[in-house]
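Next up: just one chain, as structure tokens, the form predicted on its own.
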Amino acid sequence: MSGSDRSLATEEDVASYQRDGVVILRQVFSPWIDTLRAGIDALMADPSPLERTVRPADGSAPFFQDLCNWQRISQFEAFVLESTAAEVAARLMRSKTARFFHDHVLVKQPGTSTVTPWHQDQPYYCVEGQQSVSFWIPLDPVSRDVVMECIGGSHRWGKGFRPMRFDGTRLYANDDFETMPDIEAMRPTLDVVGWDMQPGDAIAFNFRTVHGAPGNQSPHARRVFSARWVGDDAAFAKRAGRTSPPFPDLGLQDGDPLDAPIFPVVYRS
């Protein structure tokens, strides 16, 4: 890491986040980009057991994913514990605390046809609560036609949509979630947002915000580090099957505070 990263979300950012469930933060993590790039290099050289690379049937380039590596990749640990991410998260969530939930690395290699379908994150997770935020941090320049898109205001729809795997199967065999509607057909009526981005920028979005991403038809890799946080109201949620990511040994009951050593409180006001 070099330089200072004391930039925090403005009041306007917080108001936009609360209203829309998503906001773009410009250059908030720029001092950490080289550190995170080194971390992704280390991770891709030594993936974890949770590595989930999607290899398209059409033979196009792979989509590398891996989760929950912050405790073994030193660069990720430094970002989680030493950057201003926790303080920015607490501010956006309007929470007194920011508890780290997990990290997720997503590398769409140039030419991959893999589309990330429209989905919400929260149904995949063992957590419920209104106070949540993911930072989607690209480590390469990303154009609007390659970037993740979010639907503004969808965190307030009051719905939970069924979590699906990339192969089209259900994550849970039996659940009470709704089927995701045809977002592409609805696109003209929705507030679909996305941005041209540079390394150091971040999209902050609520776990309930509906989002998706196209394939990467650019000539460059789209490397992303995602850091996920929860606030004061986070509670353990027992799902109808193995969550993604899985946390099988928490020993928590449905509705308990999400309080476990693997989810440290990094910021407290």
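One rule holds for the numbers: they count along the sequence shown, beginning at 1. Keep in mind that what you see is a predicted model, and the values were worked out from it rather than measured.
What comes next is about the form predicted in complex with a small molecule, which is not displayed.
Could you tell me which one of 78, 164, 183, 106 places a heavy atom within 4.5 Å of the small molecule in the predicted bound form? Looking at 78, 164, 183, 106 one by one, just 106 meets the 4.5 Å heavy-atom criterion.
The small molecule isn't shown here, but in the predicted bound form which of 239, 52, 37, 228 has a heavy atom within 4.5 Å of it? Of 239, 52, 37, 228, the residue with a heavy atom within 4.5 Å of the small molecule in the predicted bound form is 228.
Picking from 68-76, 106-114, 152-160, 85-93, which part of the chain touches the small molecule in the predicted bound form when contact means heavy atoms within 4.5 Å? In short, 106-114.
Is there a heavy atom of residue 197 lying 4.5 Å or less from a heavy atom of the small molecule in the predicted bound form? The answer is no: residue 197 has no heavy atom within 4.5 Å of the small molecule.
The small molecule contact at residue 139 in the predicted bound form, heavy atom, 4.5 Å: No, residue 139 is distant from the partner.
My question is simply whether residue 222 lines the interface with the small molecule in the predicted bound form - judged by any non-hydrogen atom within 4.5 Å. Answer yes; at least one heavy atom of residue 222 falls within 4.5 Å of the small molecule in the predicted bound form.
Residue 98: heavy atom within 4.5 Å of the small molecule in the predicted bound form? No - in the predicted bound form, heavy atoms of residue 98 and the small molecule never come within 4.5 Å of each other.
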